[in-house]
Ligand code: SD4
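Below, in structure tokens: the form predicted on its own, a single chain.
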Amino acid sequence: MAIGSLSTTVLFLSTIFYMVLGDDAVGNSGQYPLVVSTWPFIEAVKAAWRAVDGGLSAVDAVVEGCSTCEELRCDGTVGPGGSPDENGETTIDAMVMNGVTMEVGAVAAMRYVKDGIRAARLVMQHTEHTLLVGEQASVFAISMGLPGPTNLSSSDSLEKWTKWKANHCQPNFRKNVVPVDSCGPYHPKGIMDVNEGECSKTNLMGVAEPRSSHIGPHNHDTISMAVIDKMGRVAVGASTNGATYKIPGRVGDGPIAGSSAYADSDVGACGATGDGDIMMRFLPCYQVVESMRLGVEPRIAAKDAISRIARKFPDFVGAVFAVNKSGVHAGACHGWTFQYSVRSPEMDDVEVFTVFP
């Protein structure tokens, strides 16, 4: 196909998507620098803005912003002291990505160290790896100078866990196990049950059966942040303590580049939040950035990424924001009303944009 024909096709598809999907929250920052974050995490955005407006790089500003959310325990789902797993322990997932070099540093299921995003940056700065996990991620972070070991539980998280245990460990993320209404120990159902298709939980149309209903903005959430600095460099980061009552060892989309966040300074960035176990199967932020690379506007790129997931999982809950290298930003969501926060030079303060499903 000729380049002119490809451009015409992209423009035509963008027009069709706009007509079908309608209006979503969308804005244009006008100039650099720019900070965009999931949810009304105002203080986190302010911290990132102070850093980038003061001349720090996009990567450093992302770390400052996400670190602030960790310290404030945003929504109880970021940083230490929230989202206990089945054993009552809080662990942390985090990721940072440099959109210039395409380097990524991440930690997952990290124990005993409260500074998730700073640990992720240390992985990027001081290793040739992308992701470190579990207790060894903690050992590395402490060896690189972060404080620890630290108990990441809090009185709130332990109280929540105690009440959950008293409710026979319901709801939880187990499936196809016995006993159903207890705290285990769990065992797989019989081989006959698995062979009959219970494991897949999909119908003949390829659409998944409804999932458990205990996923929401206050028990299954992430801060995902994108920054464009004064030089036009783009970076993203994400941090979360994961799904409440998760099975120990579970890693969601938070530390997965392309799922919770993705950046390419030649194109723009994306951030995501929601049911990470579903969203990480689709790499929505990678898809958003690649759509924008083809010339699709952020609003359409965001909506298309969410729609692809919803076609297979109609009951999933999630959202993305998209921002191109020119500072045009937009959001899309499914299953809940989503808000994202923005700060740019033309704004007097952080502004919150609301996106409806």
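One rule holds for the numbers: they count along the sequence shown, beginning at 1. Being a predicted model, the structure only gives us computed values, none of them experimental.
Omitted here: the form predicted together with the named molecule. The next part is about that form.
Margin query: Taking the named molecule in the predicted bound form, would R250, D253 and D275 all count as contacting it (heavy atom within 4.5 Å)?
Written below: Looking in the predicted bound form, the three residues R250, D253 and D275 all sit within 4.5 Å of the named molecule (heavy atoms).
Notebook entry, point to check: For the chain shown here without its partner, which stretch in 235 to 243, 132 to 140, 110 to 118, 164 to 172 has non-hydrogen atoms within 4.5 angstroms of the named molecule in the predicted bound form?
Noted result: Checking each option against the 4.5 Å cut-off leaves 235 to 243.
Notebook entry, point to check: Taking the shortest heavy atom distance, is T91 within 4.5 Å of the named molecule in the predicted bound form?
Noted result: Result no; T91 lies far from the named molecule in the predicted bound form.
Notebook entry, point to check: Wondering, does D229 line up within 4.5 Å of the named molecule in the predicted bound form on heavy atoms?
Noted result: No, D229 is distant from the partner.
Check: Does anything in 313 to 344 come within 4.5 Å of the named molecule in the predicted bound form by heavy atoms, and if so which residues, in order?
Finding: Only a single residue, W336, comes within 4.5 Å of the partner.
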